[in-house]
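We begin with a single chain expressed as structure tokens, specifically the form predicted alone.
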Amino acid sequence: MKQQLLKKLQQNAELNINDIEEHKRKGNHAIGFYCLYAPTELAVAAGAIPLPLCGTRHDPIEVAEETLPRNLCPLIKSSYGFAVSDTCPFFRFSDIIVADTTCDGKKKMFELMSDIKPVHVLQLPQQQNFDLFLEPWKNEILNLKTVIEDMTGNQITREKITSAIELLNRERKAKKRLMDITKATPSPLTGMELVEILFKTGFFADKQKGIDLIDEIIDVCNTLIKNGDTPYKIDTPRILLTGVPIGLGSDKVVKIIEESGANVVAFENCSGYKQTFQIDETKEPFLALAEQYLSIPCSVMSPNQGRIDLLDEMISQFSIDGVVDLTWQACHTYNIEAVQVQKFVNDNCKLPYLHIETDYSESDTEQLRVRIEAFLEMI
């Protein structure tokens, strides 16, 4: 039954391209978003499809390196390579790109990307001090609201933004319920299956269709748990992956961990548990958006206690046996923050910790396999 649903997921992902094309043929819009900090509720409220665009594949990096430095983060190079080579349908569908200043490499890359397609860059505060930065950040969101209204020709009323918040809160709740399935010991899902489900449903034009499919998968997984049907044993090492975002194509570390006999049961990154936050539906909507999005604990924030707090919560709730901290090459904020994460995991949680710095290529696969297998032997 689980495999049937994963096949249905693939079929829906393929049909989703047609859904977006039909949406565009009717004169509607799509908006590309490059980071979790950008409020996709604004797109939904304006009748546009929000599309996540971070590059997760190695293929377009070569063409990106004709312009960008080779010693740059692979996520940035992949994102730009897809844009400049016109090989990503979701970038092609996007009428405007919404970006933000989460790192120096990204914000300079977006200057080049603006020659390809209109780009609006949110000036993200680098600290979560609400007294100093909440109002300017709210103004950034209100400015984006105006940009989207002008582009789509649709006014974002209070009623529409409230409805969009409710819809995307339901989507985030569904994703959290899905990710919480792996709290079961042993888990009914592999880490790679979880990555695939989250990645593919993220592009769905019809958000309710994605929510319904996730709920179907959850129901099947609950039945598997009840029947003791799982690919793992009770003593299979349970790994939490923290650090940079991943997706299909940038998932080699997850594959190696699971090929080596462990199960990645938790993802504390912005492609995982960081996207399960809820917007407060009782507050003025734009204030609520500003508060919750500014609270996301990315390593761009200094200090970033929120990441440690989230790790503490997840390590306990998911019964974690070891933590793998993934950093893309040239991602300086995550690389430096790894020092604090290791200290917390080793000293406070008394768990094994492994820091991996790599890129999207397969050239270091066997070297990583040796390190990961040695790490798992410690558990």
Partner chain sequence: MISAGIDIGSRSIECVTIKNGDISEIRKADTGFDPIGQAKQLINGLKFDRILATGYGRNLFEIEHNTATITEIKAHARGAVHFFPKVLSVLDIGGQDSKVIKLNDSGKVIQFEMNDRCAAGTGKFLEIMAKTLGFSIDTFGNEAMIAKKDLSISSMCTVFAESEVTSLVAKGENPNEIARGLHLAVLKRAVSMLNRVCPKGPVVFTGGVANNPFIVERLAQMTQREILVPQPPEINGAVGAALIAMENGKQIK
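Computed from a predicted structure; not experimentally measured. Residue numbers count along the first chain shown, from 1.
This next part talks about the form predicted in complex with its partner chain, which is not shown.
Against its partner chain in the predicted bound form, the set 114, 145 and 150 makes no contact: no member has a heavy atom within 4.5 Å. The closest heavy atom approach of residue 15 to its partner chain in the predicted bound form falls outside 4.5 Å.
Remark: residue 354 counts among the residues lining its partner chain in the predicted bound form, judged by a heavy atom distance of 4.5 Å or less. Among residues of the shown chain, residue 378 is one whose heavy atoms approach its partner chain to within 4.5 Å in the predicted bound form. In the predicted bound form, none of the heavy atoms of residue 23 sits within 4.5 Å of a heavy atom of its partner chain. Only one of 317, 67, 342, 348 comes within 4.5 Å of its partner chain in the predicted bound form through a heavy atom, and that residue is 342.
In sequence order, 346, 354, 357, 367, 369, 370, 371, 373, 374, 375 are the residues of 345 to 376 having a heavy atom within 4.5 Å of its partner chain in the predicted bound form; the partner itself is omitted from this view.
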